[in-house]
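Single chain ahead, by itself, as structure tokens, in the form predicted alone.
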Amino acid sequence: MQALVLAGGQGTRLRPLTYTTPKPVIPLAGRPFLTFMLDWLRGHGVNEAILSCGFLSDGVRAVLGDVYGGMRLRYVVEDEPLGTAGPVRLALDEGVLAERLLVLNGDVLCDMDLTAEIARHEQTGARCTLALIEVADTASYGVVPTHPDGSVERFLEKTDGEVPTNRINAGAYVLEREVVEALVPAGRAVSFEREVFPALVGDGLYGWHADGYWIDIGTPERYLEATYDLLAGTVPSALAPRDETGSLIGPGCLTAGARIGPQSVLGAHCSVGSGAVVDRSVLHDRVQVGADCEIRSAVLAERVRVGDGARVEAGAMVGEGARIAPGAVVAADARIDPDTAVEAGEALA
């Protein structure tokens, strides 16, 4: 089975983290995010994954290589953004697309039963089958009402106001290659949600009602939520064992005299000074936190330096290589760009 992962977005909502690291390989619970998806796909018989990349594409390949856990990885690179369907056409034109494949949004962490979705696709004789998942708030997603036989009634992309169902497009499709050949023109950006799926309504488009864990990690709030769920074991994974606080401490970390946790992640070779607190926060590799600091519900990218007595408040995200001087305060929900210097005594919002 072949899968194509749409991983070409710039991850603007996760800036400043994604200024320097491509979103598909941003660290999540100490691992490149896309490795969770590749593990999931491999568990459902996928032996080849095409990664559609754009922004910082070389960085994705440098991290993941050409083989992952016995799965072959191919890359198609968008020179300019091609929407959600255009990259699949690009893979077709490059001669690497199978007769049937899975297409997946590259920013979702989930454990849906893809094997069951493929079986449903075969049973109905569908041209395309969409995984549909229930959510509490549908405003940010495509809503997909279906007929009793599972065929899609309408595809309502990000509709304001009252909607007929709370089942939304979960970003996991079983797709026949002939749909790409027939409905996805070459050489321009094409949207599955606004062009291809509406054209398929009544002509082989089916929904499959999925359940299980599902989260789009594309915002800081959901990135942290996914981290906490992985640490708690809410979604299955092959993470290393957590400590008694439910935290994950990477190799080579120095934390003597500090309080780490609950539910925190320290990447490799971090140091946290005596009397410091790191609470429900994520530190990427080689972060240095001084003595008597407070880091609460925040994310610090690789090589951030935090001086003694500084404070980083809830929801803040600090870009790679930033330097926070002793006594400085990074306010709640602040965004600190890479290599920025926050001066002593400064309270930066």
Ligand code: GTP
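Note that residue numbering follows the sequence shown and begins at 1. Fair warning: this is a prediction, and the values are worked out from it, not measured in the lab.
The following text describes the form predicted in complex with ligand GTP, which does not appear among the structures shown.
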Non-hydrogen atom within 4.5 angstroms of ligand GTP in the predicted bound form for each of 271, 300 and 321: no
Ligand GTP in the predicted bound form: contacting segment from 73-81, 146-154, 126-134, 92-100, heavy atom within 4.5 Å: 73-81
Proximity of residue 107 to ligand GTP in the predicted bound form, heavy atoms at 4.5 Å: yes
Non-hydrogen atom contact residue 6 with ligand GTP in the predicted bound form at 4.5 angstroms: yes
Contact of residue 207 with ligand GTP in the predicted bound form (heavy atom, 4.5 Å): no
Contact of residue 335 with ligand GTP in the predicted bound form (heavy atom, 4.5 Å): no
Members of 22-50 lying within 4.5 angstroms of ligand GTP, judged by heavy atom, in the predicted bound form: 23
